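Just one chain follows, in the form predicted on its own, and it is written as structure tokens.
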Amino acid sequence: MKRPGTGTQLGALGRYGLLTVAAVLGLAPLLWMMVSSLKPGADIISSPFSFDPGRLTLTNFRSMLDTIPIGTGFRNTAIVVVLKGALTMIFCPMAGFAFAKYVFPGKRLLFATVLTTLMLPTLVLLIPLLLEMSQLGWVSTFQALILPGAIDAFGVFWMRQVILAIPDELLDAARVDGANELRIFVSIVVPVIRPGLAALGVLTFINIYNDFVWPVVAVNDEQHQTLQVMLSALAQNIRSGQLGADWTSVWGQLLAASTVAAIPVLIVFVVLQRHLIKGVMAGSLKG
């Protein structure tokens, strides 16, 4: 067996070195946040990069539970993630199926229009969406948080790419056997595209869970605030000095709340990372 040459070994070593540096730089802010959430508030301000295991404490987490309605934030975020995610996972595959396997007038123009919406900056859509929500009387409601963007253009494009890989002969054989289009979609298409669906599910969860811009515009009361908006409001109160002289401890509470908020995303990524990578590979190979 031929051994790799010195140049090949140095190249591999260089790649591993760059990947290690990128991983450290990417994880450093997250690790700093988690460690700092266990430090007294005064230490976070006076020596933010120090680490003394003897001074680690859970005080920030206990104070956070007493002062921040984080349970309400989690509840509101869970409602939005589940309902908006369900709509995305139902309608995006259906639309992708239509664009991938049906022939109808204006198909190319309609699909081009869907792709065009991907190019529009989010900020361009904020004012029109807010005016629509105001006309409907949906400002500061869950409808305003769930329905806009529920049928995501990226999800439609992603599902079309995945479904294009399904042979037309397989679908035609089902039609010859008497299956209607809904049964073909549910019994044949959905099982085949499960890796792509899993990847879309992970990406949709992360996107909705971390969404901040639209929730902060659409909601004006604390009862409907999502977790990200709640944390942002707390940080704004700290910066503006509205929390009094004990602001150092509030920084610790904010880091504790941010650490707790990051846990669901980390769990979802760790559990489903294999499906995410498999789905991304499946969806990127068909044009």
Partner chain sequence: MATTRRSAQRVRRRRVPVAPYLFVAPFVLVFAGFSAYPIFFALQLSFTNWHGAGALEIIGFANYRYLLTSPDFWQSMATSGVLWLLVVPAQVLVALTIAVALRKAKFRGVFSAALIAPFVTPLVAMAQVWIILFDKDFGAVNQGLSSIGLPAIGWLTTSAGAKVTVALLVLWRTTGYAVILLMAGLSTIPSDVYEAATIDGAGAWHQFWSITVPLVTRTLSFVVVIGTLTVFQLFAEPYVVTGGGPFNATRTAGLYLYKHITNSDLGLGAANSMLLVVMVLALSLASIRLLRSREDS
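Nothing here was measured: the structure is a model prediction, and the numbers come from that model. Residue numbers count along the first chain shown, from 1.
Unshown form predicted in complex with its partner chain; subsequent notes refer to it.
J.: Quick one: of Leu83, Leu197, Ile151, Ile188, which gets a non-hydrogen atom within 4.5 angstroms of its partner chain in the predicted bound form?
T.: So the residue touching its partner chain in the predicted bound form, by this definition, is Ile151.
J.: Among Val114, Val139, Val192, Met89, which has any heavy atom within 4.5 Å of its partner chain in the predicted bound form?
T.: It is Val114.
J.: In the predicted bound form, does every one of Met33, Met133 and Ile206 come within 4.5 Å of its partner chain, counting any heavy atom?
T.: So, yes: the whole triplet contacts its partner chain.
J.: So in the predicted bound form, does Phe97 come within 4.5 Å of its partner chain, heavy atom to heavy atom?
T.: Phe97: yes, in contact with its partner chain in the predicted bound form.
J.: Does its partner chain get within 4.5 angstroms of any non-hydrogen atom of Ile163 in the predicted bound form?
T.: Looking in the predicted bound form, residue contacts with its partner chain do not include Ile163, since no heavy atom lies within 4.5 Å.
J.: Using heavy atoms and a 4.5 Å limit, would one call Leu255 a contact residue for its partner chain in the predicted bound form?
T.: Contact check for Leu255: yes, within 4.5 Å of its partner chain in the predicted bound form.
J.: Just checking whether Ala78 would be counted as a contact of its partner chain in the predicted bound form - the rule being heavy atoms within 4.5 angstroms.
T.: Looking in the predicted bound form, residue contacts with its partner chain do not include Ala78, since no heavy atom lies within 4.5 Å.
J.: Could you pull out the residues of 96-111 that have any heavy atom within 4.5 Å of its partner chain in the predicted bound form?
T.: Contacts from 96-111: Phe97, Ala98, Phe99, Lys101, Tyr102, Val103, Phe104, Pro105, Leu110.
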